[in-house]
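Just one chain is shown here, as structure tokens, and it is the form predicted on its own.
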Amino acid sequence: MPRILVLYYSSYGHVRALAHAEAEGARSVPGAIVDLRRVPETVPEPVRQNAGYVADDTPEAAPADLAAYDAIIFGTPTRFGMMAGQMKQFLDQAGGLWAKNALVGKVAAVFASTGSQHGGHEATLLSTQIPLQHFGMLIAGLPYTFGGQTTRDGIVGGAPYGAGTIAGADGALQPTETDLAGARFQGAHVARLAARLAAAEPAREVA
């Protein structure tokens, strides 16, 4: 039974909504055990309130927790074409896992939210994958077998590199059903890959 972690940071709720959809998709795979966690906040509470950040009571994760999972799906807002600082700080604290090769061979995926269609969405998805490859993780994207990627019925987030949504400059846009369907698809895709790898592990050890 593969263990899947959906780990995210969300300021205004868009990434959190996608995270719940990713977890829902992963749970649709028989036998998958799925946890939903967020990275710790680094912004002081007065600043959060002044900026209108959405409260989030999802349990926090610690970097050491990552080693217990077969697959980890990372969600982040776009910050100037890169992952949010909160997610970067979390990953920067995982050096001990890197030193022990604790994440090598585990499945990883990324999803993101940005303010505009050309606001660094794909750059964030791709650049977030870089440290995950340093950890030795196997990257899963959002295959074109998810037909929603090619729809022309409005603004659609996501890319072959991962699921996503477009929040609008003022954050007023919420994830569309296509965006959420893409996240559910990606979650299930990752869980299936993790299950296959977990099933093959004994054979690799014997070989």
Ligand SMILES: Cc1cc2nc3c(=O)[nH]c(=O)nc-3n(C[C@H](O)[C@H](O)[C@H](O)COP(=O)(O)O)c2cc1C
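Sequential numbering from 1, following the sequence displayed. The model shown is predicted, which means the values in this text are computed figures rather than measured ones.
Beyond the structure shown, there is the form predicted in complex with the named molecule, which is absent from this document and is the topic of what follows.
S.K.: Thinking of 63, 89 and 133 as the candidate spot, does the named molecule come within 4.5 Å of a heavy atom on all of them in the model of the complex?
M.R.: No, none of the three is in contact.
S.K.: When the contact criterion is heavy atoms within 4.5 Å, does residue 129 count as touching the named molecule in the model of the complex?
M.R.: Contact check for residue 129: no, nothing within 4.5 Å of the named molecule in the model of the complex.
S.K.: Whether residue 15 contacts the named molecule in the model of the complex should be assessed with a 4.5 Å heavy atom distance threshold; does it?
M.R.: Looking in the model of the complex, residue contacts with the named molecule include residue 15, since a heavy atom lies within 4.5 Å.
S.K.: Under a 4.5 Å heavy atom criterion, is residue 101 part of the interface with the named molecule in the model of the complex?
M.R.: No.
S.K.: Is the gap between residue 115 and the named molecule in the model of the complex 4.5 Å or less for some heavy atom pair?
M.R.: It does: once the named molecule is placed as it appears in the model of the complex, residue 115 has a heavy atom within 4.5 Å of it.
S.K.: Which listed residue (29, 167, 142, 34) meets the criterion of a heavy atom within 4.5 Å of the named molecule in the model of the complex?
M.R.: After the contact test, the surviving option is 167.
S.K.: Can you pick the stretch from 192-200, 179-187, 19-27, 6-14 whose heavy atoms fall within 4.5 Å of the named molecule in the model of the complex?
M.R.: Residues of 6-14 come within 4.5 Å of the partner.
S.K.: Scan 56-83 and write down, in order along the chain, each residue with a heavy atom lying within 4.5 Å of the named molecule in the model of the complex.
M.R.: Result: 77, 78, 79, 80, 81.
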